[in-house]
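Before any questions on binding or motion, here is one chain by itself as structure tokens, the form predicted alone.
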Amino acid sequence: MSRVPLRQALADVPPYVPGARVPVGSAAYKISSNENPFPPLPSVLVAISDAAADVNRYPDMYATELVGAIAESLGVASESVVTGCGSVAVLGHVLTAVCEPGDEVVLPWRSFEAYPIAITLAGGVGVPVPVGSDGRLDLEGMAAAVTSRTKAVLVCTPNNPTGPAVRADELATFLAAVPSDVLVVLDEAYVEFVRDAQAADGLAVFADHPNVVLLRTFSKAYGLAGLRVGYAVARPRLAAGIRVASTPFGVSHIGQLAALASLRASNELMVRVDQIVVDRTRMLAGLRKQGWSVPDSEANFVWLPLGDQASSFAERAGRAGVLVRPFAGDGVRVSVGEPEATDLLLEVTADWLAR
């Protein structure tokens, strides 16, 4: 029997591996998916409840009110904001809008594991550049990897899963070396957690460089991971192209109203972000006191460079009651969750070194 052929590119797409979930009936802390440990604010829950009454209707396809609120909060034109089903989907739309089949996309590695998937599905060819042993992006190496075939470069800051943020001076040097017709995507999914005074200011960079696009999300700091709301900030011409490539009605009505409510409650939410940053600092200090060599983190997670022992460590942590995210052969990413989860994680890491 003959079969309908699939795209050959699908054979080359690596599977996306989600963070481990707590098994039904079990008790464990889930610090494997970089989720915000706090539940939605009461005002956000009210917005979600109110929006649920209208799920028989299609949402506003262009998320007009939300786009306007985002634009106002960032000080950019509404025409520059494009929303989508999480920043992962928006990245796919960005690449679809600019990549012709065979175009190259330079990316750091290890970085966000959805990058190779999005590049391949957009018809592009990924050109990975190794991340340094300190967890920092090798921007000099990434600039050197740009050729006449390069259509875009992905810059994850802070880098997921290693944690460091790109600094302003190194990003300025990088952008000066990249041709102005090559798109530079600054993925700032964790920007609200950044406290490094030397970190690049994405909005300022966007204002000065027409070839820069920002990616942001409501999943992390705003705690709406389950509603999938992300967005891009781009020059109006680029934004219009991304909008054309976007999935129609890609952000649900519930997601739109929850994101709007979250923006209105941003001061309350940033207090929670500050608490996560405090516990991140405690986690890093605790690990280093035990003898771990870990990169600085400007996100809501910490990287343990365990190499080939990553999977073994994750199994041991799971048995102890904390679910972490192993990257086989490289290391383990540990999200900052409840303070009790950090306490237990530090017990596991101390025990691991004492073996």
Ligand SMILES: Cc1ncc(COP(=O)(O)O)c(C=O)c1O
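This structure is a prediction, so every number in the text was calculated from the model and none was measured. Heads up: residue numbers just count along the shown sequence, starting at 1.
Just so it is clear, the following notes concern the form predicted in complex with the ligand, a form of the same protein that is not shown.
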Do all of G86, N160 and A189 end up near the ligand in the predicted complex, with near meaning a heavy atom within 4.5 Å? yes
Find out whether any non-hydrogen atom of L107 is located within 4.5 angstroms of the ligand in the predicted complex, and reply yes or no. no
Might F112 be said to contact the ligand in the predicted complex, defining contact as any heavy atom within 4.5 Å? yes
Can you check whether R228 is within 4.5 Å of the ligand in the predicted complex, heavy atom basis? yes
Using a 4.5 Å heavy atom cut-off, state whether K220 contacts the ligand in the predicted complex. yes
Only hit among I119, V213, A259, C156 for heavy atom within 4.5 Å of the ligand in the predicted complex is C156
Only one of these stretches, 128-136, 281-289, 220-228, 98-106, has heavy atoms within 4.5 Å of the ligand in the predicted complex; which one is it? 220-228
